[in-house]
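Given next are two forms of a protein chain, the same chain in both, each as structure tokens and marked structure 1 or structure 2.
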Structure 1
Amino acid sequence: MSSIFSSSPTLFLADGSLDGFLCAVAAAVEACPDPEAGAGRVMVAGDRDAAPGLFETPLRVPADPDRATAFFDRLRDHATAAVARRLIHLWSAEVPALAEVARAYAALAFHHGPRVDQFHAHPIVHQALLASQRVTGEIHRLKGLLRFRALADGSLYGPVAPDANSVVCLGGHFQARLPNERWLIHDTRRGLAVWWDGRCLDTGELAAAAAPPVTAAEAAIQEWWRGYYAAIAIPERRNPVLQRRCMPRRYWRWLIESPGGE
């Protein structure tokens, strides 16, 4: 930690994992608890558009699950669970600049405690709330837009390509809804999956592969849904602008229905 005592600011480098992210934020906040002072900044290593500044001393912070958990709990006890969870959202957004927002937000939260979120006009709080809302908003959206396909063995396969690395957050929702089915949700963009085998929920890596074949029975049910989808729109009220605002095109890829008749 020699760099902290030197005059040059430290660049706390996190690896891409959630634990690594939390550890880097923890290291930065512990080194300099004053939210405004900015004696160091946090960056996720491997981000192409972020590079150490000329006078920064890079410090690689190893991912340590125990340290990450301890930091999360400490923040939760100091502020609220919602505040602590926001750091996870900032990580899952995968936006380079948000690593530094996470550091400043965590420092502010230690400073102001549970009231931190009331300070909406503060630029850091504002950015943190906005980014975390975007992530939770997408999770909520995917709870609706995810489509399962029944495979030949009766299990359900649900491919998605979310903006944020949030597919794990869908597991609990579907576990509660479909406890007697076996299903797998596949983040085809990141090659990650969360699945339920009827007894336990698990996550892991799963390479993107071609979509599994659709049985004849499944094709018939998909056809019913497509027919229903086409019938339910009122032609006199056609409104593609509103439709795309509510359901952006990037989410259409894994739908069964064909919005806009495409």
Structure 2
Amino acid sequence: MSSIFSSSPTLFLADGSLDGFLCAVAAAVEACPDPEAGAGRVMVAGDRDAAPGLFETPLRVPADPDRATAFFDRLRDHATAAVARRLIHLWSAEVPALAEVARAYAALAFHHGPRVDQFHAHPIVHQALLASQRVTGEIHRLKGLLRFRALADGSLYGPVAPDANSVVCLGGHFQARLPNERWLIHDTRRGLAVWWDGRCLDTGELAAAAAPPVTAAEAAIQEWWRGYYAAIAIPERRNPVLQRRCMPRRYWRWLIESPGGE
């Protein structure tokens, strides 16, 4: 009986944060660096998704920003920056099964280096690439669809409710695009935010609440924009199928010019 329990798989539990996720993946890879031998013996899960089986040994891994950064940098240096970022995308997807994919993918990356993404037929690499593409596709759309509005304190506020936990990934883009503005991107679905105060990019929790009031000038500009959008529209060329493909309906609530715009 003791031999059964001694060979039981270890379930590394993260706290749900990105740092916690990276630390749990790091602990799992360190416990078993062989990508093939680790299959079925080490796993990663978030607290919300954890359901240890009878023969699994749960091990909580504390979130440590320094350890997470060190692991990310080590993976980037051993493979590529794209491979390291893919772990962030797997966390952003918020699909429980992808935590174990991230563990196996990271182990493969350490084993094969930059060549790992060439193994398209490998089931782990295939799953990692597909999940990453879905998340990066949404990030790409939001770079064009996110709408900021001017607030009375002079800052810009951009509410959004993405499918993936992707506001962290949007922060660097808008920091480079709007370096001289103070802005905040609010994920109203998850109660999270990323903001730039002109000096530092930061993230944190922000409870969902009524949208802060905009300035009178912002309200006027929104009205002018809706009028302009309606005036240039050509009814005969209206293509709702293409419109929904380029601007999925789930984002319309936040688009000023859309029927669901606020």
Partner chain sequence: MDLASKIAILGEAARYDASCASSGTRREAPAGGMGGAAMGGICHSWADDGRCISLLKILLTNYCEYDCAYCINRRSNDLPRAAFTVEEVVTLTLEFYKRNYIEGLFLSSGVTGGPDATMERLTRVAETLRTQHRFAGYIHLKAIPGASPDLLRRAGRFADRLSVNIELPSGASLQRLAPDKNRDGILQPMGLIGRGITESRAERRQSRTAPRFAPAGQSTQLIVGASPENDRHILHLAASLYSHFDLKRVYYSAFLPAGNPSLLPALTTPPLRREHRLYQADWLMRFYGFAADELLDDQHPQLDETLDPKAAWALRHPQFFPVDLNRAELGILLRVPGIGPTSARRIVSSRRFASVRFEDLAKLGVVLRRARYFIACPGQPAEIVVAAQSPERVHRLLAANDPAGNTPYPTSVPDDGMMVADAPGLPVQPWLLPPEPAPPLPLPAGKIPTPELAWGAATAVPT
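Residue 1 is the first residue of structure 1, and the numbers go on in sequence order from there. Everything quoted here is computed from the prediction, not taken from an experiment.
Peer 1: Name the structure that matches the description of the form predicted together with its partner chain.
Peer 2: Pick structure 1; the other is not the form predicted together with its partner chain.
Peer 1: Would you pick which one of L156, Q222, R189, T136 lies where the chain hinges as its rigid parts rotate between structures 1 and 2?
Peer 2: Among the listed options, T136 lies at the hinge between structures 1 and 2.
Peer 1: Going by C-alpha fits of the two rigid parts, what is the rotation of the smaller one between structures 1 and 2, in degrees?
Peer 2: Hinge rotation between structures 1 and 2: 14 degrees.
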